[in-house]
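Below sits a lone chain in structure tokens, taken as the form predicted on its own.
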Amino acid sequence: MPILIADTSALVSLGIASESSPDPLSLCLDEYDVRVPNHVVEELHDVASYDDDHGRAANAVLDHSAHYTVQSVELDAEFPLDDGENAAVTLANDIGAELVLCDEFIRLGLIHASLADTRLVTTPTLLSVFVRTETLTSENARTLLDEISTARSWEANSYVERARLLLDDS
């Protein structure tokens, strides 16, 4: 089973649609050996303290904690991103993970360049992988992406729009 390192942003994205059917968070946890840096868990607890969609999503992810492994990691003090992203990249490089799941769209290039042998995926990309592997239908993926996009305010995000077009072509 491929190892996937998850960042806070992407886990919150998946958690937003965790009450949908199919549930993208459960699909991810079923398809991958998901590892979560301890710094990401700390960020999830911070987000979970808010009474909004993101807080409920973070709580949903924390409720699934029996299905992922939390790992400690020493942060790279020179890495210019937040602690969760820093920890995800560091852990991925330390253990040679196959994938890093992160929705930090503004700094994707920096994250990508920081990964040694690990593929960077975003939630829209993960949904398209689920379509290719027939884990999700295109229609289900588009519906989930719409739900996540609304909660995450991704309507004007060109990266997400491009991913949506790829789902439309599937």
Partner chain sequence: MSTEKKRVQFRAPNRLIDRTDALAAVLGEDRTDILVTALREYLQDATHDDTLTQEIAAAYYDDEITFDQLKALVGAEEAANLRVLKQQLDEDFVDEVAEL
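Numbering follows the first chain given and starts at 1. All values derive from a computational prediction rather than experimental measurement.
The discussion below concerns the form predicted in complex with its partner chain, not included here.
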Please state whether every one of the three residues Val129, Arg132 and Asn157 places a non-hydrogen atom within 4.5 angstroms of its partner chain in the predicted complex. yes
Tell me, yes or no, whether Leu29 is in contact with its partner chain in the predicted complex, where a contact means a heavy atom of each within 4.5 Å. no
May I ask you to state whether Thr125 is within 4.5 Å of its partner chain in the predicted complex, using heavy atom distances? yes
Counting only non-hydrogen atoms and a 4.5 angstroms cut-off, does Val41 reach its partner chain in the predicted complex? no
Would Ala48 show up as a contact with its partner chain in the predicted complex if we use heavy atoms at 4.5 Å? no
To test your reading of this chain, name the stretch in 100 to 108, 138 to 146, 33 to 41, 50 to 58 whose heavy atoms come within 4.5 Å of its partner chain in the predicted complex. 100 to 108
In the predicted complex, residues of 1 to 22 near its partner chain [heavy atom within 4.5 Å]: Pro2
